[in-house]
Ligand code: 13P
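Next up is one chain by itself, shown in C-alpha cells, the form predicted alone.
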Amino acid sequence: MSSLPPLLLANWKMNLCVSESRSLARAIAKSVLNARKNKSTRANVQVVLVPSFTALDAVARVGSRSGAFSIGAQDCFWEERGAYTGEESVCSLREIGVSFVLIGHSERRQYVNESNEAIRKKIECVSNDSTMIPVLCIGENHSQKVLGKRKSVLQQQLLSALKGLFQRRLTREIVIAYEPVWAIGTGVPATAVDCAEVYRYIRGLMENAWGAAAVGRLCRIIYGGSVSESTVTDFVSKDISDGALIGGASLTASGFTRIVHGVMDSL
C-alpha cells in the first residue's frame, strides 16, 4: 500500500452536459465537505472528478471554490501546441486547473486504437509537468485472461508506457489504474483476492525500476472495473489497493457519495 491517501476518481466519460456536470459537482462537494466535518480522518480520502472536456472549466470552478475535490481530464495530447485538430494540450488543461490526467484508458485503446507509443508520449508529457499527475490505465481482456496471458499483457503495457520514466529516478507521483477489461460492464466482477495478486505483481515491476521506498512514497495502484458502493471497500479498505477509478456509479450524487462515505468510514 502507498503512504498516500486513498484516491477516488469519478470518470464521467461522455456523459452529462455542462449544466448537469456542474450540478453533480456541487452536490458531491457538499456531501464531501459535510463528511469531513464529522471525522477528521475522512479528509485523508482524495476525491477527483473527471468530467468531459466541455465541462472541465465549470466543474473546476466548483472544485476551486469548495476545496472538496481535485479535477482530472480524460485524455491529453503530447504536444504543447500545433496542427492537431480535436486534441487538448497539457498547457490548456493546466490553465483550467487540472491535476490528474487519465492515459491509456481501455476505451481509448479499444475505440480509437490508441497505441502503446502514443500512451508513452502522453505519460512522459504529463510527467514533465510539475502540476499534473498521470493516471496510467492498464488491464487484460477476457481472452487474454483465459489464455493465462494476464501478467505478460500487464507487463508489456506497463513497461511500454513507462519506458522513459523507468530509465531515471522517480521524483514525481504517478497512479496506475488496473482495469480488468473483462469485468467492466459484464456483470462478472473481479474479486479483491484475485486483484491483490495483480497489484503485488505491478508493484514489484515498479519497485524493480525505482525501489520500494520511492514506489511507496510516490505511486498509487487503484482498481477500476465496475466499482459500486457494495464492492468498493473490498478493494480499498483491506490493504489491497490505493483507491478506485469509478465509472457509471459516479454519475449520480447519491451513488458516488455512498462510495466516498464507505471508503471514509473504512479508514
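A quick note: this is a predicted structure, and the numbers were derived from the prediction, not measured. Heads up: residue numbers just count along the shown sequence, starting at 1.
We do not show the form predicted in complex with the named molecule, though everything after this point is about it.
Looking at 167-175, 78-86, 105-113, 151-159, which one sits within 4.5 Å of the named molecule in the predicted bound form if you count heavy atoms only?
-> Within 4.5 Å of the partner lies stretch 105-113.
Could you check which residue among 49, 32, 221, 227 gets a heavy atom within 4.5 Å of the named molecule in the predicted bound form?
-> Of the candidates 49, 32, 221, 227, 227 is the one lying within 4.5 Å of the named molecule in the predicted bound form.
May I ask you to state whether residue 179 is within 4.5 Å of the named molecule in the predicted bound form, using heavy atom distances?
-> Taking the distances in the predicted bound form, the answer for residue 179 is yes, it comes within 4.5 Å of the named molecule.
Using a 4.5 Å heavy atom cut-off, state whether residue 243 contacts the named molecule in the predicted bound form.
-> Answer no; every heavy atom of residue 243 is more than 4.5 Å from the named molecule in the predicted bound form.
Contact flag, residue 248 vs the named molecule in the predicted bound form, heavy atom cut 4.5 Å = Close contact exists here: in the predicted bound form, residue 248 approaches the named molecule to within 4.5 Å, heavy atoms only.
Does residue 133 reach the named molecule in the predicted bound form, with heavy atoms at most 4.5 Å apart?
-> Residue 133 lies outside the contact set for the named molecule.
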